[in-house]
Each structure stands twice: as structure tokens, then as C-alpha cells.
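The chain that follows stands alone, in the form predicted alone, written as C-alpha cells.
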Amino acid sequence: MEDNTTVAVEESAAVDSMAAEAALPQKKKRKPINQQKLQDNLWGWAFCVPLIVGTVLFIYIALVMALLLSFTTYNSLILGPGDSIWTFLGDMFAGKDVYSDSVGNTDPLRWYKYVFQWEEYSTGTTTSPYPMNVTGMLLFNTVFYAIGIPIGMVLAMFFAVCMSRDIKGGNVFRVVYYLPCVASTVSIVYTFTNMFGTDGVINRLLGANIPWFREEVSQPWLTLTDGGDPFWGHGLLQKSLIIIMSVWKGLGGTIILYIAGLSGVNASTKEAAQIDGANGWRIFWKITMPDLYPVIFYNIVTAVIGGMQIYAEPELFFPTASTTGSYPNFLTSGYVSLIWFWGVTSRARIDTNYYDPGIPGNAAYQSLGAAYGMVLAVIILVLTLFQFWLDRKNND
């Protein structure tokens, strides 16, 4: 009996010990490293590192530097032979005076004030009765070009629906429509210049002599007179030409995205709607469009951001030789041309006589170009946040 009792006690103690061990948290055993997975991760990071470095260096760091410069007085022309922008930033962080210049300007916000106060006159003199805000004029041009966004969206949707159907040669059409996206902007502008010229194909087909390239548009100064048309009435044909070219060039990329979105539309829901007697138009608005909404939203956001940064097309169609010191073309240039004009080409304009914001020696500070860039960044940010707010409100 005692032996049996001892064995029972020992078994009970063993069971209790096992239960206690089971109740304790078990340490996870480290799995052996999968060499193939490790190699794949290394290759993945190797491809991502250039993008990460480029984004940090040319976007985030550049954005911070531009923001700092916009509140200071920086001009590479007045630095020493061995100095650079890094020397300037070092002086700023060291607490040295980088806000004032030789004429005593010490207001850190003066560049932003000048952005909204710079006015030019219709005759090039301050006695003209038609002063015009330069920032407003070029912002108007930029917003006018945004008319092409809804036009491009509708056309891209139409062609995408047509090419998403089972038709012969559908892939060929997709390639043909996408070709302008990979073509050089310079070559496209050259082609359109010949097409829309006085003796171009377009005028011959229309049997007209439409002045797509009027001489007045190539002049940097406005030619308004008493009783003349307002600013928005000038250069409509020229801006319309830029819209036509921009829509045609960007159509292919938007079509491809819409085709990809259409392939993800729920086919069973469409079949159920057809069985219930819904026509094609009702199916498109009630089933296809809601499923395609994420693609539409992405296209609109990216198109607005890109449209606000338009620069190459107006400058190539109606060049102003900005590297020699002339103003942006007030009738066709976009807002970005002001950033280039003040922030990049100041070396070429040091001896040019033009109205400046009180800077000694007619030297344009890169800080003013940075201020123009910051204003554009805020405008794009506000527009993007507004679109996301509308998207959230629509989802609610």
C-alpha cells in the first residue's frame, strides 16, 4: 500500500510539474534563416535604395532647404570664391545675419510679399493705367490649362471602354495610343508647330488661316490699350493649342489605367443587372463607375498635381529666351516659369535692366525663387487635401 501511495504521489507531482511548465510562456524557437529569402530581400533593398536616396535627397532635403532659403537672403553671386549654399546654411544655423542685405532689408517675409505684390504694366512703364499682378497672370494661365484635365478624363474613359471589349487588334490600339506618352516632348511640340502653322495640315483641313502662333504672344510685354480686351481675353488660341497637345500626349497613360480598372469590375453584378433588364448606360453609371472610382480618383489627383507644374510645353511653343534675361511670357507661361526665372537664371541677368524688388546691382536672389516654389507647394497641398476631403465625404 505504501509503495502504491508513493507512486501515486510521484505521478501527481509529475503531472503538476508538467501543468506548471505548460502554463509558463514558451520561448519561440528561432527558425533557421532561409538563404533564398535573405538573398531576395537583399536584392529588393538594392533596387529600393537608389529610389529612397533620390527621394530623400532631391525631394525632402531640397524642400527643407528651399523653405529655409525663402526666409533669408541668399545669392550665389555675393558669396566668396570657396563658398556655397552649404556655407550659407551653416552661417544661418550658427546664428549669423542672413536675413539682411546691403540695403538694410531685414524682413524675412519680404520675398513672399513680393510674390503677391509684383506688378507689371501694359506698356512697360509705371505710368500705364493697367497694372497687373504677375503671379495672378501666370496662375491664371496654369488654371486655364487645367481645362484639359476633365477633357482628357472623358476621352480616356471613352477609348478605354471601347478597347476593353473583345475586338480584333485591341492590343495594337493600346500600343498606338500609348506611344505619345513615351515620345519626347520636344519632338511632339515640333510636330504640332508644323501641324498648326499658317500653312500647316490643320489650317488646310479647315480651309482657314487660324493664327495659332500670333506674333504678339512671343513678346514678353502685354500690349493692352485703353478700351482693350482684358487679360483673360488674350492668347486664348495659344493656350488652347497647349491644351490640345497636353491632352493628346497624356491620353495613353490614362487609358491604360482605366483599362486595368475596368478589368476588375465585378462581372457577376453586371450579368445580374442585365438579367434584370438594365441597359448598357445604366450598368455603366450604377456598376462600372462605382467600381472604377479609385482609379478615377487617382487619375484626377495626379493630373491636378502635374497640371499645376506645367512648364515645358508653354516654353517650347512660345519661347521667351529666359536664359538671356527676358521675362516669362505673360500670356502663355505657367507659374513654374517664375521659379525658373528668379531662382535659376539670375546669373545670366545680372547686368540686365529690369524692375527688381530693390536688390542692389539688379541681382535676383535665389531666395525669391525659393519663395515662389514654396507658394506653389502650398497651393498643390491645399488642392490635394481638398480632393481627399471630397473623397472622404463621398465615401461617408
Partner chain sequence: MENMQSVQVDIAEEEIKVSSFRYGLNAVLAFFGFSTKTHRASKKRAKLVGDIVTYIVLLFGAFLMIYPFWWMIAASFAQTGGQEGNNALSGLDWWPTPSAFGYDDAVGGFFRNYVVLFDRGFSGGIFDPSFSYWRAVANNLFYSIVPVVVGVITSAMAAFSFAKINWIGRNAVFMFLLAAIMVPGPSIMTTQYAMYQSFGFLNNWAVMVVPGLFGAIMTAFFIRQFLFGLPTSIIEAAKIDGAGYGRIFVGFILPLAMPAIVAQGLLSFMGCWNNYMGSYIFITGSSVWVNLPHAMTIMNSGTTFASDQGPILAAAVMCVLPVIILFAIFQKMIIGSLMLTGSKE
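Source: prediction; values computed, not measured. Throughout, rigid core stands for the largest set of C-alpha atoms superposing within 1.5 Å between the two forms. Residue numbers count along the first chain shown, from 1.
If you look for the form predicted in complex with its partner chain, you will not find it shown, but the lines that follow are about it.
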{"item": "Contact check for 50, 158 and 163 against its partner chain in the model of the complex, heavy atom at 4.5 Å", "value": "yes"}
{"item": "Options 137 to 145, 192 to 200, 235 to 243, 280 to 288; stretch whose heavy atom lies within 4.5 Å of its partner chain in the model of the complex", "value": "192 to 200"}
{"item": "Its partner chain contact at residue 328 in the model of the complex, heavy atom, 4.5 Å", "value": "no"}
{"item": "Contact of residue 174 with its partner chain in the model of the complex (heavy atom, 4.5 Å)", "value": "yes"}
{"item": "4.5 Å heavy atom contact, residue 116 and its partner chain in the model of the complex", "value": "no"}
{"item": "Contact label in the model of the complex: residue 187 to its partner chain, heavy atom within 4.5 Å", "value": "yes"}
{"item": "Within 285 to 312, the residues that have a heavy atom no more than 4.5 Å from its partner chain in the model of the complex", "value": "294, 295, 298, 309, 311, 312"}
{"item": "Is_shifted residue 64 between this form and the one not shown (CA, 2 Å cut-off, rigid core)", "value": "no"}
